[in-house]
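Consider the single chain below, provided in structure tokens and representing the form predicted on its own.
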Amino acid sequence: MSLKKEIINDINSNQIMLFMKGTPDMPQCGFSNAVVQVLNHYGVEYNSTNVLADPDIRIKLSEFSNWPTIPQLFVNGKLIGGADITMELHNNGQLLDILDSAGEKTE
């Protein structure tokens, strides 16, 4: 399976998927840490991929999402955004609704 197909598979097979620098236990940048803290605040289960493990992950991910920065948060296969958008959605109360929708089928 190509790396791009693996990324797409990860996005589509995980209700909440975070591509980040480092791991949830040890984020390697402040922006990734901010998103991890928000997700942990809500107590949601999510999977993550460390883009630092292979530089090609970041390239293929950005080609797929058309989003240049890391982290990238996906819910139900849809790009939510990076740290700035995630924080904005959290601060205005919309992120909880988005996270609550994880796993719901969209028609």
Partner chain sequence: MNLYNEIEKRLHEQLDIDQMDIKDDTGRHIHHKNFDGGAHLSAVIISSSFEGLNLLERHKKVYEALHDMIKREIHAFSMKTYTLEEWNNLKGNSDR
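Positions refer to the first chain, counted from 1. Bear in mind the structure is a predicted one, so any value in this text is a computation, not a measurement.
Omitted here: the form predicted together with the partner chain. The next part is about that form.
Trainee: Using heavy atoms and a 4.5 Å cut-off, decide whether 17, 24 and 46 all contact the partner chain in the predicted complex.
Mentor: Heavy-atom distance to the partner chain in the predicted complex: none of the three under 4.5 Å.
Trainee: Can you tell me if residue 79 lies within 4.5 angstroms of the partner chain in the predicted complex, counting non-hydrogen atoms only?
Mentor: Yes - in the predicted complex, heavy atoms of residue 79 and the partner chain come within 4.5 Å of each other.
Trainee: Residue 40 versus the partner chain, in the predicted complex: is there a non-hydrogen atom within 4.5 Å?
Mentor: Because no heavy atom of residue 40 falls inside 4.5 Å of the partner chain in the predicted complex, the answer is no.
Trainee: With a 4.5 Å heavy atom cut-off, would you call residue 28 a contact of the partner chain in the predicted complex?
Mentor: Taking the distances in the predicted complex, the answer for residue 28 is yes, it comes within 4.5 Å of the partner chain.
Trainee: With a cut-off of 4.5 Å between heavy atoms, is residue 84 one of the residues that contacts the partner chain in the predicted complex?
Mentor: Yes, residue 84 is a contact residue.
Trainee: From first to last in sequence, which residues of 3-18 have any non-hydrogen atom within 4.5 angstroms of the partner chain in the predicted complex?
Mentor: Residues within 4.5 Å: none in this stretch.
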